[in-house]
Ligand SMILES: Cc1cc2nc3c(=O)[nH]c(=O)nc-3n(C[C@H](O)[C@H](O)[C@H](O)COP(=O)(O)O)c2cc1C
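Given as C-alpha cells, the chain that follows is alone and in the form predicted alone.
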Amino acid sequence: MTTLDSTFTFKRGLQLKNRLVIAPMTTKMSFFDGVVTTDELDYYALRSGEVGAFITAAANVHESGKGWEGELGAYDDRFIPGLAKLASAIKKNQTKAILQIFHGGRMTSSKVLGGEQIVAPSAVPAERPNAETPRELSEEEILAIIDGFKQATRRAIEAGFDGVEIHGANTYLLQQFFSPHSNRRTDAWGGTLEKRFKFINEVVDSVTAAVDESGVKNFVVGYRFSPEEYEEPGIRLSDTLYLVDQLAEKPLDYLHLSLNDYRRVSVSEEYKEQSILAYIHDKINGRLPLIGVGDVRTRQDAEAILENAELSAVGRAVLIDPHWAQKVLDNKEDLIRRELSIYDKEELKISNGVWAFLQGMMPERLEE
C-alpha cells in the first residue's frame, strides 16, 4: 500500500518528499495590478515546508483573462520578480512550488477587465446570476492566448518555480472550449468533441514546448480538470474520459482532478458503480500520475484518495491549520485545529479575500 510519507518522482525527474500536495485555492491577495504582496508571501510561507508540493492560486496569462480582483498576474515580464519571491517563499524544506496558470474566459466581468467586454469561445453567457454575454474570440486572439500560456511558463521557469499547472477546471477558458455549452463554434476550434479538444491540445503543446526549449531540468507540467457540468448541453463524464484518454498520451507529468468531495459519484446513470475518482484513475491506467482531492480533513481521507490516485491534495484543512500535514504525518491528528475563528485571521495570515472564499466553501467550520 502506498503511504503518505513515501517519496514520488515525476517522469521529468522532479521528486516530492511525500504524497501530500496543497491544492490551488483562490486568495485574492495580490495587488490590483497582479503583483504579489507581502501578505501573500507570508500566507504561502506559513503553510509551506511540510508537504511535497504547493500549487498556487491561479495566475492569469493574458490581460483579457483576469477573473477577479486580487489575482496573480503572469502575463508580462514585469511579474517575474514578484513570482520569484513567491516561489522562494514556498520552496523551503524541500517543498516544491508549482504555479497554476489560467485564463478566466467568460467567468469574469467587464468591471474587472477595466470596461473591456469579456471573451469566450462563443457569445454565450454563463448560467450564473448577472452573467455578461461574452464576445467570441477571433482565431488571432485564440493563438495569442495560447502563446500567453507558453510565455507564462517561461516566466515561471525564470522565477524559479518547479512546475506549472494548466488550469482547465472550474469553468474557466480551457473548460469553456471543451464544453458544448460555452463552445458553439463551427470552425476548427469547435463543433465535434475532437474539435472542442483542439484548444486544450494546443495549450498543452505550447506549455510543454516552453519547458523543452528552455533546457530546464526537473520542471513539471500538470493539467487540472473538472469532470462534469450541470448545464445542458454540458460536459458529461463520458466526455471527460475522452479528455483524460487524450491528455494521458501528452508529454504531461500529472493530471489533477478537481472535486469538492473525493467520494463523489457521477450524475450519469452509466457511471454509478464507483467514484468519479476511481473511473478517472482506471481510464489513465498508469500512463500519468493522478492527484486526487475533495474535502480531505483526516489522514484517513488522504490515504483513501491514494487508493485511486498517486498523490493526495488538501486545501481548506490547511487554511484552518497550516501544520495539518505535519500533524498527520506525525500521527498527531488530535492536535489539528478543526475550526477557524475570526480572531485567528491575523495569526493565520487569512486575508479578507481568503475569508470570503472560506465563507462560501465551508461556513459550518467558521466562527464569526
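Numbers for residues come from their place in the sequence shown, where the first is 1. Note that the structure is predicted; figures quoted are calculated from it, not measured.
Only in words, not in the display: the form predicted in complex with this ligand, which the text now covers.
> Answer yes or no: in the predicted bound form, does this ligand come within 4.5 Å of a heavy atom in every one of Ala57, Val293 and Leu319?
Yes, each of Ala57, Val293 and Leu319 comes within 4.5 Å of this ligand in the predicted bound form.
> Check whether Thr26 has any heavy atom within 4.5 Å of a heavy atom of this ligand in the predicted bound form, and answer yes or no.
Taking the distances in the predicted bound form, the answer for Thr26 is yes, it comes within 4.5 Å of this ligand.
> Evaluate Ser238 for contact with this ligand in the predicted bound form, applying a 4.5 angstroms cut-off between non-hydrogen atoms, and reply yes or no.
It does not: once this ligand is placed as it appears in the predicted bound form, Ser238 has no heavy atom within 4.5 Å of it.
> How about Val314: is it within 4.5 Å of this ligand in the predicted bound form, going by heavy atoms?
Close contact exists here: in the predicted bound form, Val314 approaches this ligand to within 4.5 Å, heavy atoms only.
> Look up in the predicted bound form whether Gln175 has a non-hydrogen atom within 4.5 angstroms of this ligand, and give yes or no.
Because no heavy atom of Gln175 falls inside 4.5 Å of this ligand in the predicted bound form, the answer is no.
> Given that the partner is absent here, state which listed stretch (167 to 175, 86 to 94, 273 to 281, 132 to 140) has heavy atoms within 4.5 Å of this ligand in the predicted bound form.
Going by heavy atoms within 4.5 Å, the stretch is 167 to 175.
> In the predicted bound form, which of the listed residues (Asn285, Ser110, Asn201, Asn260) lies with a heavy atom within 4.5 Å of this ligand?
Here the answer is residue option Asn260.
> With the partner left out here, which residues of 79 to 105 have a non-hydrogen atom within 4.5 Å of this ligand in the predicted bound form?
Residue within 4.5 Å: Gln100 only.
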